[in-house]
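Next up: a single chain in structure tokens, the form predicted on its own.
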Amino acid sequence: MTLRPLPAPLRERLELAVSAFAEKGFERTRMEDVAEVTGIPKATLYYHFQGKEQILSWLLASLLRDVADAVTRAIAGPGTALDRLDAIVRAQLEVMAARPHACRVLLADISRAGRIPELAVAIGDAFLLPVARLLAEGRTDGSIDSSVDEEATSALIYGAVTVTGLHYLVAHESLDAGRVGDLVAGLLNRGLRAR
């Protein structure tokens, strides 16, 4: 998705658009609704975006940039690969807890998000590839079981963390990243630990 550069104040206000999508759903949300909730004139929105699908794609990409930043920080942290994997799980859940509306939009429009090719690449870059590299490192440092398949396991971890976080955001309308992180990371730790 090639967009005109977005000035910082516009980027910040555009984040508010997620509440329109979360409240009304993608199909019922109009560009007028996005303009109203963000305070950005409709003409300015159309100057930067072709339509609401491109805005949704930008919003989800923004969420994935936050996840990528959190994953990068967790990978750079101390400890074994297994310790840092624990930190990655918690970091992603913290991002989700901080951006609940964006996560609900992701769940509500997951089939649409899956059709946005840029998002599949962004998920790979933000989470799957760094986690797969960390899993390989863990096989080398002895903290992760040597039989682990990095590609399948990184996808499994992403799915486990994402779906569990989304469950709490939808079913309970909140996400206690610490408590849920303890649960998910504990299960992963026991399953991946070298024997």
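Heads up: residue numbers just count along the shown sequence, starting at 1. Note that the coordinates shown come from a computational prediction; the quantities given were computed from them, not determined experimentally.
This protein has a second form, the form predicted in complex with the DNA, left out of what is shown; the following refers to that one.
- [ ] Would you kindly say which of His48, Arg133, Arg65, His167 lies with a heavy atom within 4.5 Å of the DNA in the predicted bound form?
- [x] Going through each option in turn, the one that passes is His48.
Task: Among the candidates Thr153, Thr38, Ser143, Thr29, the residue which, in the predicted bound form, approaches the DNA to within 4.5 Å (heavy atoms) - done: Flagged contact: Thr29.
Task: Stretch in contact, per heavy atom within 4.5 angstroms of the DNA in the predicted bound form, of 123 to 131, 38 to 46, 145 to 153, 56 to 64 - done: One stretch meets the cut-off, namely 38 to 46.
TODO: Please run the contact check for Pro7 against the DNA in the predicted bound form: heavy atoms, 4.5 angstroms, yes or no?
DONE: Result yes; Pro7 sits at the interface with the DNA in the predicted bound form.
- [ ] Answer with yes or no whether Arg139 is in contact with the DNA in the predicted bound form, where contact means some heavy atom within 4.5 Å.
- [x] Looking in the predicted bound form, residue contacts with the DNA do not include Arg139, since no heavy atom lies within 4.5 Å.
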